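A lone chain, given as structure tokens: the form predicted on its own.
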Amino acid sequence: MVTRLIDRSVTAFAWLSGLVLTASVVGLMGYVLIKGMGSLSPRLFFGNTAPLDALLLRRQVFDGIFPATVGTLTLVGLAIFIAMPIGIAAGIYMAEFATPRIQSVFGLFFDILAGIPSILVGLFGFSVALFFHHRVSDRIAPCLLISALSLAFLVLPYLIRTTQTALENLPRHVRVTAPALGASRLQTIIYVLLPQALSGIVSGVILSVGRCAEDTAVIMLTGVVATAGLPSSLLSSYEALPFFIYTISAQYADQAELMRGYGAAIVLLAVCALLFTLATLIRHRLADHLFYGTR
């Protein structure tokens, strides 16, 4: 009787927590949508610049969020491109090759790294930029590349841990079937374990995408500028939506400018949704290719 009561209480608490979380997310997104929907227009993106001129790079946009949107997509793509191979490879090593002692030591290190405040990572990236500026080349300064490297460093623990967990949680029969048929350890990892753990690995990638897209503390110290325009190279400054929203909310001149901040927040949510959808589609395509040989 007591056990049944405890089970029902735990179940009710779990449902209540889920409902509260769902209501909070819906309420937050609804508030942003209600506030910012009125500002969604070509003018929000391009300002007084003709959209075709901006898209064809004929004229620079100074009073719209088009450069910030492009800068955010470029920054997130570059950071994930840098972090994903390293994080997945390290997760495979931790799950399949590391001894228990190495797992405990490096696991503690990765957990500490995941808990470091992002402002410290940004300060570290800023210090690295200054070091290279004075010791290597004066062309190197806080820039898009430094920001991407800093964000890649920030999300590495998530990629490593999710990859490791996804591989370690696979059933034992999945691990022993391929070696029993004569497959080598590397073949087992590539053709059996990774496809089976793909869902968990992509979950880590999606988490990293969201972390890169929303972070402001790192980028404000490593290269983001309010009016930089489109990034011309990896060593140039850039604009980003999180920093635009931060600056607008901190020093808006009138209500219309604040509404632009809400509109930029909606665009940032849409960018994150687009990146999440793209990651999911890539996961399905990879799963089809690895399991069935389709392209």
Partner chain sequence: MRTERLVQRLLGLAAGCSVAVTLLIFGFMVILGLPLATGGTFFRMFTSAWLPHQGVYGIAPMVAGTLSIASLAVVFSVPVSLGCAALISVLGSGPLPALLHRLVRFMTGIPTVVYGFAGIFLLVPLVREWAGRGSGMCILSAALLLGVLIAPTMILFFSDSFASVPRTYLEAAEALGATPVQKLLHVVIPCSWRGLTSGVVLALGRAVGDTLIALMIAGNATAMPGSVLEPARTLTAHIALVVAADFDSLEFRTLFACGIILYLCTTVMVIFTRRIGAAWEQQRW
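If you superpose the two forms and keep the largest set of C-alpha atoms that fall within 1.5 Å, you have the rigid core. These numbers were taken from a predicted model, which means no experiment stands behind them. Numbering follows the first chain given and starts at 1.
The same protein also has a form predicted together with the partner chain, omitted here; what follows describes it.
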Exercise for the section: Spell out, yes or no, whether the shortest heavy atom distance between R175 and the partner chain in the predicted complex is within 4.5 Å. Expected result: no
Problem - Interface membership of A279, the partner chain in the predicted complex, 4.5 Å heavy atom rule - result: no
Handout entry: Contact of Y246 with the partner chain in the predicted complex (heavy atom, 4.5 Å)
Key = yes
Problem - Distance check, P242 to the partner chain in the predicted complex, heavy atom within 4.5 Å - result: yes
Completion exercise
The listed residue (L269, A54, L44, A228) that reaches within 4.5 Å of the partner chain in the predicted complex by any heavy atom is L269
Exercise for the section: Counting non-hydrogen atoms within 4.5 angstroms of the partner chain in the predicted complex, say which of V70, L235, L40, V32 makes the cut. Expected result: V32
Problem - Stretch 260-274 - residues with a heavy atom within 4.5 Å of the partner chain in the predicted complex - result: G261, Y262, A265, L268, L269, C272, A273
Exercise for the section: Please check if V26 moves between the shown form and the other one, taking a CA shift of 2 Å or more relative to the superposed core as movement. Expected result: yes
Exercise for the section: With both forms fitted on the core, give yes or no for whether the Cα of V70 moves by 2 angstroms or more between the shown form and the other one. Expected result: no
Practice task
Taking the rigid core as the superposition reference, indicate whether the CA of L234 shifts 2 angstroms or more between the shown form and the other one.
Solution key: no
Practice task
Once you account for a change of 3 Å or more, let me know if L21 and Y158 sit closer or farther in the predicted complex, using their C-alpha atoms.
Solution key: farther
Practice task
Work out the direction of the Cα-Cα change for G18 and L170 in the predicted complex: closer or farther than in this form? It's 3 angstroms or more.
Solution key: farther
